[in-house]
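Given next, in structure tokens, is a single chain: the form predicted alone.
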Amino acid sequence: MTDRPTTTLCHATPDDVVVHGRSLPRELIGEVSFTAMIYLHLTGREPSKAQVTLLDACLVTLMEHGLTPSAVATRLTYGSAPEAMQGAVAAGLLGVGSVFVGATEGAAALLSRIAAAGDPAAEAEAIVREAREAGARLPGFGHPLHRPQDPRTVALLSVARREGLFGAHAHALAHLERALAAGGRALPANATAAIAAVLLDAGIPHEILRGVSLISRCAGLVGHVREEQLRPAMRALWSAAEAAVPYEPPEEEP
């Protein structure tokens, strides 16, 4: 036994590539889907069909949501440097944070706390009370466009029920929604909170949930690059930004 770091992810030989103990050419290529491979790579476990279905539903949910800041960053960067698609996609991925797409981590922490409590309903009420006293927003709740419900949340929870994976974290989400409504703020759970709930119930560790968002968003941003190739919008976005934020001379000091 030594302190030397090791990896269990992958090993290559002249005639094989082994990923999580499975032969890539003989056991994985053509045998498992990309989504199943993601689950295996993140957890080291073979997923059930239901787990693959739920993870796939989350990846589909997060892939596209219009001209969000990450998509705009990708389009502007690609228009400036079309020879470096990877730079454009990377620019968009840098915008996956606590406001857009990446709120799953914060929501997951709250849902895990509720699911582990002896009285989940009381714990949800305590979380809402703490947030109110601190003047803070709960991550994963409310949406500027989708009202009174986020249709993506409804769809994801429906898939979880259908696949038999509507577990403690999905129930925790319902407790939190009810506690918010009882406290006078009927904020519905948005897609990021629903994704946190169903992925936790599907066995994805909470520490890597933003990574799932990044995987999905990467595919979406490549789609924006492709549209930028076919129907460039970078100059229109640039011009719109200049028009929306006009120059104003600084005030002279007295």
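In this text, residue numbers run from 1 along the sequence as written. Not measured: the values here are computed from a predicted model.
Here the subject shifts to the form predicted together with another copy of the chain, a form of this protein not shown in this document.
| query | Applying a 4.5 Å heavy atom distance criterion, does R162 contact another copy of the chain in the predicted complex? | reply | So R162 counts as contacting another copy of the chain.
| Heavy atom of H169 within 4.5 Å of another copy of the chain in the predicted complex | No, H169 stays farther than 4.5 Å from another copy of the chain in the predicted complex.
| query | Should G142 be classed as touching another copy of the chain in the predicted complex when contacts are defined as heavy atoms within 4.5 Å? | reply | Taking the distances in the predicted complex, the answer for G142 is no, it never comes within 4.5 Å of another copy of the chain.
| message | Just checking whether L200 would be counted as a contact of another copy of the chain in the predicted complex - the rule being heavy atoms within 4.5 angstroms. | response | Outside the cut-off, so no.
| message | Based on heavy atom distances of 4.5 Å or less, which listed stretch (124-132, 169-177, 70-78, 111-119) is in contact with another copy of the chain in the predicted complex? | response | It is the stretch 70-78.
| said: If you apply a 4.5 angstroms heavy atom cut-off, which residues in 213-230 are near another copy of the chain in the predicted complex? | reply: L214, I215, S216, C218, A219, G220, V222, G223, H224, V225, R226, E227, Q229 sit within 4.5 Å of the partner.
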